[in-house]
Ligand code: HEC
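Here's a solo chain for you in structure tokens, the form predicted alone.
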Amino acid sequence: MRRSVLGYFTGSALALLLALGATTFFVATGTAGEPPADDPATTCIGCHEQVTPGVVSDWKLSKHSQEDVSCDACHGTGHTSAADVDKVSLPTPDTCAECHEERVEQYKKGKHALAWAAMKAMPTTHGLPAAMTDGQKGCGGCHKIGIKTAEEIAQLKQEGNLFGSSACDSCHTRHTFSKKEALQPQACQTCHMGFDHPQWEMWSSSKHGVRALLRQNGTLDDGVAAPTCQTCHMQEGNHEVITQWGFLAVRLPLPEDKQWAADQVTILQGLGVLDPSGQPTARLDVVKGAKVARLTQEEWQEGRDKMIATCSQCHSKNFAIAELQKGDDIIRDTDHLMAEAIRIIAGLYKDGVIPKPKSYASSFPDLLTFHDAPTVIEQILFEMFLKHRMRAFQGAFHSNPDYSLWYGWSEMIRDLSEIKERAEEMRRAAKK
């Protein structure tokens, strides 16, 4: 197996190979001094049982092994010894598509495929240490599931960030590539948790999650109805993972409710998608390209209908519709708080109380600058948007009342109070 071979040929393992050379390679596959067998799996296993035994044991447990899918199917035939590890091929989704075409095509239509592009589109990304993005020790650690261009892969390789281009192995971890593992909610846990999207914390402590985890550990019978992440977001195994409200909970067309529509316009202006006059900006193309929002009623309704069908497997259809509508209502109400906070800071720009950064495209604070917002009051706004608003509506859709109220709505109320108080103090100070 050669998936991660470059990273493993270090230290004592490399010294052993260089010292023993071809003898080690051939002894592992046959008689010393004889050439290796023609079967690529035999030659790879012979070497890697000594160098990366965990990789080999995982592969032996895999469906690939059972179906005689050998190492060269994913890694090519360029690498045959310690001297040519740079010739190993690392798989991409297109490699997986050679056997799993339908699933890869589904994946390419969903938001996971766009994760890398979405990360790169964020203006604050470029101010982060490279190890956190391309090195995958921050945003890139999860966003690596997205498709990368050939140029991006070449650049990553040049930077020494060669690994993490497969995408499929984010859930079907190498080298078992287990379907059973990918079906477990823990497969989603490592990315869908934390500051701006604590779905794991919400779901696992909801009644849905508690029942699913009790079923998983054997406390409840296997037949107990308890939805996991995959139940709701990958119906019938469809890898086109996408949600109706998208990551930012904005959509087009605007709501019929006039107040909500006005609040959503303000939020879209804060996101830089609409200019001060309400006209689309170039950033709208980024939103479209990364699919972080649904931009037609038909697209949004299609996703909602799928979710209602899933919920209706355990609940009445009327119950499902009503519960999802409550989530919509919470977005409406949190948007009103959010829009008020955005307008307060836009007013500080307008009146010259705080300088508007030259990089901002409009007279509104840029919600996508994240922690790079230049003043404390703007950083409170960023946290209100990306942490507390997220928790309010995501908690509702994940059936977690505590997250919706105390970690979401309540925090937003306090954020708004602090923004109002600081704004007044700043205005008084500016008059002196």
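Start at 1 with the first residue shown and count on from there. The structure presented is a predicted model; accordingly, all values stated were derived computationally and were not measured.
There is another form of the same protein, the form predicted in complex with this ligand; it is not shown, and what comes next is about it.
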Of Arg343, Arg332, His79, Arg283, the only residue with a heavy atom within 4.5 Å of this ligand in the model of the complex is His79
Only hit among Ile354, Cys139, Leu252, Leu213 for heavy atom within 4.5 Å of this ligand in the model of the complex is Cys139
This ligand in the model of the complex: within 4.5 Å of a heavy atom of each of Met122, His192 and Val292?
yes
TL;DR on 373-381, 403-411, 57-65, 359-367: the one with heavy atoms within 4.5 Å of this ligand in the model of the complex is 57-65
is_contact(Asp72, this ligand) in the model of the complex, heavy atom dist at most 4.5 Å | yes
Taking heavy atoms and a 4.5 Å cut-off, does Asp257 contact this ligand in the model of the complex? no
- Query: Applying a 4.5 Å heavy atom distance criterion, does Ser205 contact this ligand in the model of the complex?
  - Reply: no
Query raised in the report: Is the gap between Glu302 and this ligand in the model of the complex 4.5 Å or less for some heavy atom pair?
Result: no
Applying a 4.5 angstroms cut-off on non-hydrogen atoms, the residues of 246-262 near this ligand in the model of the complex are Gly246, Phe247, Leu248
